[in-house]
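Heads up, the chain below is alone and in the form predicted on its own; it's given as structure tokens.
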Amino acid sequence: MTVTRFAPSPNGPLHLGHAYAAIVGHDRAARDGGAFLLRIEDIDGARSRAELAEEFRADLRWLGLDFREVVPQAQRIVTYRAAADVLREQGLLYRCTCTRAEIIAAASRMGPDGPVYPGTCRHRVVDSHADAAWRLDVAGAIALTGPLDWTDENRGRQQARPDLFGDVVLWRKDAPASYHLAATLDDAADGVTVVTRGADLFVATHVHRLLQALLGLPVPVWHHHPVLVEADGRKLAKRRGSPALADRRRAGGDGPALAADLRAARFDTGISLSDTIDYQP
């Protein structure tokens, strides 16, 4: 059975970009008579607001989307910790105390997330009491797994290139787990077979495929869809105050009609679709 998911973080209201992503996931599952899941990604510290989760549910129902809610991330931390322990026992995690400024100063190349961490802490002893993140030794991990690939429904077979990111953080200083670790584990636990998400996350899949191999997780198919962008080409974002679905809903807007417009790529003035992948190796 095809299983997809929509996994918003409750740190701001949903906007049209979220609506489009949810519709893509919902319709991809519905095409095969499958299941569409809602998962609340609520481990972002004080920024996560519980009251927004109920707004998300109301927004999806207003759009006319049927969904089944699964366990939120805040209730999965034990799972994340266990996975980190497995990687630690494999000798693939190390503590890092480097600041962003230090990384920028020492980096010799740019990656999908900005300056690539140069491995400063990989071979040095870090005080066990220091406030530190845990990074994945990507070169060591690749040596263990060998070459990997993955499939995107729109772009075909891809060779996994987690080396593009350098040694990514998997356990953060300010939250239990990084997006890479949490999302990968959650999708496996929820039985997701097709991961639908925006093209802006295309390159993150290289890291997720590596984690699946290291942790013995099932490998889904990915479906990276175009993202909604503003007139200047920037992706719609909560932090820039993109108009909220909840405001439209409370003003009496027609949710199913809006969903139909999004399916037909009829957008508000100044908004368009872009399938550009921001980073090209």
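Counting begins at 1, following the sequence as shown. Please read all numbers here as calculations on a predicted model, not as lab measurements.
What comes next is about the form predicted together with ligand GLU, which does not appear here.
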inquiry  = To test your reading of this chain, name the stretch in 194 to 202, 89 to 97, 115 to 123, 140 to 148 whose heavy atoms come within 4.5 Å of ligand GLU in the model of the complex.
reply    = 194 to 202
Site check A7, E41 and Y179: each within 4.5 Å of ligand GLU in the model of the complex by heavy atom = yes
remark   = Applying a 4.5 angstroms cut-off on non-hydrogen atoms, the residues of 215 to 237 near ligand GLU in the model of the complex are none
